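Single chain ahead, written as structure tokens, the form predicted on its own.
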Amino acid sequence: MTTPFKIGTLISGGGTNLQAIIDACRDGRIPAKIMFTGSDTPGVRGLDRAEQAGIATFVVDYQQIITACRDNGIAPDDLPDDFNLAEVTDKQKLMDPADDRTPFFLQSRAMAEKKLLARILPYDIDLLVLAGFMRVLTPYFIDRINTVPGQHRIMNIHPALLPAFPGTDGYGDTFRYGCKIGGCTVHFIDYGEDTGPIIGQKAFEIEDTDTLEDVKRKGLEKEWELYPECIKKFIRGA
């Protein structure tokens, strides 16, 4: 019997992309099984979607962890045993290493990532899919999922046609710039901000009368098509 391809998913909100992936697995467009859905935020709609589909769920409350770090400080014992601040700082491409805030950012995230990895690694997944997960992943986490050099196993969707408009507000940036073509991108995660290898893209026209909400609606409709296609492409080894 063929072992099913195993996917893990992480979310932060409503989970509409998660739902598109659930539906694609259910109807056979993606030959895979979703092993879990994790969230950095308790009580979000995406967790309900997963539970309704019979998928195991968990929460690692990032905000609670970060607040505790600010209030109580970070002790060496709080960090993962194999965390090396100098190594992670050197690898990451998001923050200025000379910025006084960088050590706190990387250490507090590593504390959250330690909890994430404790929930994820026992599933022995083939691919981790960020389906609207709004937290930066540090090299500490990435290196413990991408265990084979040169082989990416973390996939993300971005609301713009990368490399244009990286960051958290791709559709808003596209709209405010006055673009007549918008789109979305599925890419692999690397150590930078939306800089990993591109897997697939879909575009749509922006009419003169379109509002920002129109752009977001068109973009989401393309996302729901694109993400399952890219996961299927990954499974086929493209």
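Only a predicted model underlies this, so the values are computations on that prediction, with no experimental measurement involved. Numbers follow the displayed sequence, beginning with 1.
There is another form of this protein, the form predicted together with ligand GAR, and it is not shown here; the text below is about that form.
**Student:** Since only the chain is shown here, I'm wondering whether L116 would be in contact with ligand GAR in the predicted complex (any heavy atom pair within 4.5 Å).
**Tutor:** No - in the predicted complex, heavy atoms of L116 and ligand GAR never come within 4.5 Å of each other.
**Student:** Test of understanding: in the predicted complex, would P80 fall inside 4.5 Å of ligand GAR by heavy atoms?
**Tutor:** So P80 does not count as contacting ligand GAR.
**Student:** Spell out, yes or no, whether the shortest heavy atom distance between G13 and ligand GAR in the predicted complex is within 4.5 Å.
**Tutor:** Although ligand GAR is absent here, G13 would touch it in the predicted complex, with heavy atoms inside 4.5 Å.
**Student:** Evaluate M134 for contact with ligand GAR in the predicted complex, applying a 4.5 angstroms cut-off between non-hydrogen atoms, and reply yes or no.
**Tutor:** So M134 counts as contacting ligand GAR.
**Student:** Would you say all of H158, Y171 and E223 touch ligand GAR in the predicted complex, counting a heavy atom within 4.5 Å as a touch?
**Tutor:** The answer is yes: all three residues contact the partner (heavy atom, 4.5 Å cut-off).
**Student:** Among 80-88, 94-102, 150-158, 108-116, mark the stretch whose residues have heavy atoms within 4.5 Å of ligand GAR in the predicted complex.
**Tutor:** Of the stretches listed, the one contacting the partner is 150-158.
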